[in-house]
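The data below hold one chain only, encoded as structure tokens and taken in the form predicted alone.
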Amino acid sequence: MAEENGIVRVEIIDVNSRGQGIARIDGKVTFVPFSAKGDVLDIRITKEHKNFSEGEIAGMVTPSRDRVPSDCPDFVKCGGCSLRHVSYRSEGMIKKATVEGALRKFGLDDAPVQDALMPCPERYRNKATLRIVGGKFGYYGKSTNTIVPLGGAGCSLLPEEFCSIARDAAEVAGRNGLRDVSITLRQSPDGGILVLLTVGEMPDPAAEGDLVRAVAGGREKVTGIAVEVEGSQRERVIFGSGVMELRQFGLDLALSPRSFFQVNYEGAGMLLDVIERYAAETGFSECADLFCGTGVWGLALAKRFPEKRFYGADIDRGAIRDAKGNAARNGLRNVRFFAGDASRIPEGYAPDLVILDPPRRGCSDGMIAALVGIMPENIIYVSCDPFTMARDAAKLTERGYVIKEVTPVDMFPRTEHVETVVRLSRSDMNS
């Protein structure tokens, strides 16, 4: 392709799993952030590697029909979103292709992948952590430790109240000389907001009073404020309750500020619908919910299938305390929770259905070996990383499982991330 003054004209032929456009220059792949399939662009090469190049947009020649104007002034700098420049329909196609590409990489070309389920793409995050520096608040910039301040209406992925609260908390931090500050906000489905301020050293009583007045004063939605020293994992409640109570998935739940819960309520509902459908299709008797966190999947299924037996396991003792409390709160006697390594199946349990929801790194070899040891008839694998999911699914297919169905869920709209639910069954059940 022609090059003049370091500028190369290219056509974007595809988009990869990171939301980067793909072009070829003399046969060499070039990745171009913030481009869309079908764009004709003038680009500048920013890095050369042995097998690929990286480029940046220098000028738009012909925009793709999938391209839309970005409504965020910090889109390119922030690093939170990578797909705000394409239509939401196009984003769904990218997410499905990402899952298909991950499966293909591990030889699972025949896995049946459904269209991605797509919740509302705006104001969907029910939890966020923002950094506060010099009286300003924001996210870290892409691949940096530099704050990108949020101004105006703030981030369109967050409830509007989050940025208003963070702005007032930042002013308090500046007035009182608080250092190493971050603020975590969590919103319940009915709008209640729990606030956790993490600081380098515990503020004095006057600063705490200032924080309560600034954050809770005039805001009925703020139900609790807690403060903790960074790294301590021990918060002190200075206003209201340190626990968030919510009604979700037919359950009455109570969550502590750090407890894991899906950040997108609508997306989590879609995800649970898939899990419940897959579980019902198996005709299971006993289910193990491994890497269960606060146990929401197991709790919801235990209520949906009261005649079945469930247990959950997770290494996080705080999460398991929440899970046990929520089981009691909902009167569920057919589910038990254990704190410990998820690969250690408690004595006396022989699940014919296993739900796996591991961290981003996926399952360890020990976890795969444990699954093969008990050989459940069906596995439902929930993953936030398509590539570790595909790697683990390939290991399971080598050991006697077949993939029955794969459903992507766009849990994180406008970013490159996608949640995936996979149902696997033992191959001897299909012969």
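Note that the structure is a prediction, hence the values are computed from the model and not measured. We number the residues from 1 along the sequence you see.
One more form of this protein should be noted, the form predicted in complex with a small molecule, which is absent from this view; the next part is about it.
| said: To verify the annotation, which of these, 239, 260, 75, 265, has a non-hydrogen atom within 4.5 Å of the small molecule in the model of the complex? | reply: The residue in contact is 260.
| Pick from 206, 202, 120, 315: which has a non-hydrogen atom within 4.5 Å of the small molecule in the model of the complex? | Of the candidates 206, 202, 120, 315, 315 is the one lying within 4.5 Å of the small molecule in the model of the complex.
| request: From the candidate stretches 88-96, 296-304, 107-115, 239-247, select the single one in contact with the small molecule in the model of the complex, where contact means a heavy atom within 4.5 Å. | output: Residues of 296-304 come within 4.5 Å of the partner.
| task | Verify the contact flag for residue 340: yes if a non-hydrogen atom of it lies within 4.5 Å of a non-hydrogen atom of the small molecule in the model of the complex, no if not. | result | Answer yes; at least one heavy atom of residue 340 falls within 4.5 Å of the small molecule in the model of the complex.
| query | Heavy atom to heavy atom, is residue 179 within 4.5 Å of the small molecule in the model of the complex? | reply | No, residue 179 stays farther than 4.5 Å from the small molecule in the model of the complex.
| According to a 4.5 angstroms non-hydrogen atom cut-off, is residue 138 in contact with the small molecule in the model of the complex? | No.
| field | Exercise: residue 311 in contact with the small molecule in the model of the complex, heavy atom 4.5 Å | value | Residue 311: no contact with the small molecule in the model of the complex.
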